[in-house]
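Below you'll find only one chain, the form predicted alone, shown as structure tokens.
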Amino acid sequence: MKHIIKQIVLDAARKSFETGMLPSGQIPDMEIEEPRHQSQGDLSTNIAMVSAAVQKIAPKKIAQILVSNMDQKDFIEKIEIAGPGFINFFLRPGAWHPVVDRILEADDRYGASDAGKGEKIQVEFVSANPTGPLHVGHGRGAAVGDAVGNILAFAGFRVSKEYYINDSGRQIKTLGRSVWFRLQELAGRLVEFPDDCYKGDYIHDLARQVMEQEGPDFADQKDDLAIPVCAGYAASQILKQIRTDLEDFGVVFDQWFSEQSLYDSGRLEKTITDLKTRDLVYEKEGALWFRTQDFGDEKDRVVVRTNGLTTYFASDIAYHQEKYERGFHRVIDVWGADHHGYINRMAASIMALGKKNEQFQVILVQLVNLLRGGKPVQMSTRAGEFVTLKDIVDEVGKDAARFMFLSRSYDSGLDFDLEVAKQKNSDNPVYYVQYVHARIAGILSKAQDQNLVTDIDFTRGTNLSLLVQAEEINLIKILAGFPGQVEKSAETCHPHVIFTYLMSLASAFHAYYNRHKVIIQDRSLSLARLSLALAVKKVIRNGLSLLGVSAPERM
């Protein structure tokens, strides 16, 4: 409907210019939006205000000229000029009825578009080091990254979801040392456990597993031989658990990329050589420095240390270069809030590789405050001092966890109350929305018992002209806005836009259902309302699917 009204406004502007009523044919960018108050109509445009500077005429006069040249369509009840020059459109109920037809016909593709035109985008997220279980913070990043990928794909982009495995470097060696020291303790030896090692209980479990696999004599091995074995086994077992936890959370990656493969394939060495050839690095004080300051970073960064070892930054440059070589036009990285200081150097390196600013995006996910009944959580977990993602999913379920993680913009802190997430009432957001889907499924089941379902066309609305109640029109208007919300969410990479929309739609349906029965004695009106309810059910399902949340038939 917004597109239709916009075209009416554009046609009026062109006609006003061609007839000499407006001096300029230039049409600035304008907005077609829903007014805050119903008294201001169904849709409104600010074209008169934004055109004043071009036309050199008062906005209200421009509005009057435009309205006088507008084609009064049958679905328009009236057009009013308000305030300094807003043009408000009041539509007849019948103007909204075709929306129901479109939803029923499009089904699970309603809201989808080809806006992305097949552009290849990679979304890399979670990418936690395989040195311990995923914690609650990783959970929020996983929900955000997965939902962003789903929404972009729905908007016509070719999306690949990827996990970067940090299976090389100091942290993996530290993991190996941690397991080795615990293994020594199991062998009955007195060990002073280093402060820089991982102290979670899971390290004890891994040490026990290595002992069982390698045999008791393994404890007599030399450190330099035993620690790599411990590191390799521990990292593989932790990664296996990470995969399982993410799958249980509904997250499946298209590719898992190993950092170690950058070394094994010679990719990292090749990248360093390439940087030297292009004079993007220089030697100083025995180290090799990247000229990141030339590309907007606050200072140059080391890529090869004085001891000849490459830095994590060097690996990241090689990895991102490899991403673009795979044909991705845009790369989106989902990072934790503590990586804020790393953005500029990474962006600088990508510009140095010849890419544009808009081809690299970082989503910084802020922290989660875990609560129970409003009070901070102190939980004893297998991971030691932090709450794991598995703990959350086991307690509240995948759907509640994902929906709560996506309930606020990722650039804001999130209070996640476990007790709220488990409640089966309107205080629990996921229950509030899912219940609409289940309730409508129940209504359709009742309609089947009353032999109404046979008269429903599941691809086209029935008797829609009978939908004239204010609550019915309001519902349809909200349904009409779903494609726009998907587009907005895709443009901004903010999944909480869909969360907010679903809460609004659920609220509207609950309000409608409380005032109007769907199945009544009037068979014709019952069929019309069943058509509307079915459209709501489909949109709820489509929106939940984008967030990776199920749409249950029963609750």
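All residue numbers refer to positions in the sequence shown, first residue = 1. All values reported here derive from a predicted model rather than from experimental measurement.
The following text describes the form predicted in complex with the RNA, which does not appear among the structures shown.
If contact means a heavy atom within 4.5 Å, which one of 115-123, 436-444, 233-241, 319-327 is the stretch that engages the RNA in the predicted bound form?
Going by heavy atoms within 4.5 Å, the stretch is 436-444.
Is T500 near the RNA? Define near as a heavy atom within 4.5 Å, in the predicted bound form.
Although the RNA is absent here, T500 would touch it in the predicted bound form, with heavy atoms inside 4.5 Å.
Going by a heavy atom distance of 4.5 Å, is K56 a contact of the RNA in the predicted bound form?
Answer no; every heavy atom of K56 is more than 4.5 Å from the RNA in the predicted bound form.
When the contact criterion is heavy atoms within 4.5 Å, does S68 count as touching the RNA in the predicted bound form?
Flag for S68 set to no.
Contact label in the predicted bound form: E285 to the RNA, heavy atom within 4.5 Å
Result yes; E285 sits at the interface with the RNA in the predicted bound form.
Should the three residues S39, Y431 and H510 be counted as contacting the RNA in the predicted bound form, with contact defined as a heavy atom within 4.5 Å for each?
Per the other structure, all of S39, Y431 and H510 touch the RNA.
Since exactly one of V229, L367, I79, M211 fits, which has a heavy atom within 4.5 Å of the RNA in the predicted bound form?
Answer to the contact question: L367.
Taking 4.5 Å between heavy atoms as the contact cutoff, choose which of S160, T271, T462, N88 touches the RNA in the predicted bound form.
Filtering the options by heavy-atom distance leaves N88.
Contact set, 296-314 vs the RNA in the predicted bound form - heavy atom within 4.5 angstroms:
In sequence order, K299, V302, R305, T306, T310, T311, Y312 come within 4.5 Å of the partner.
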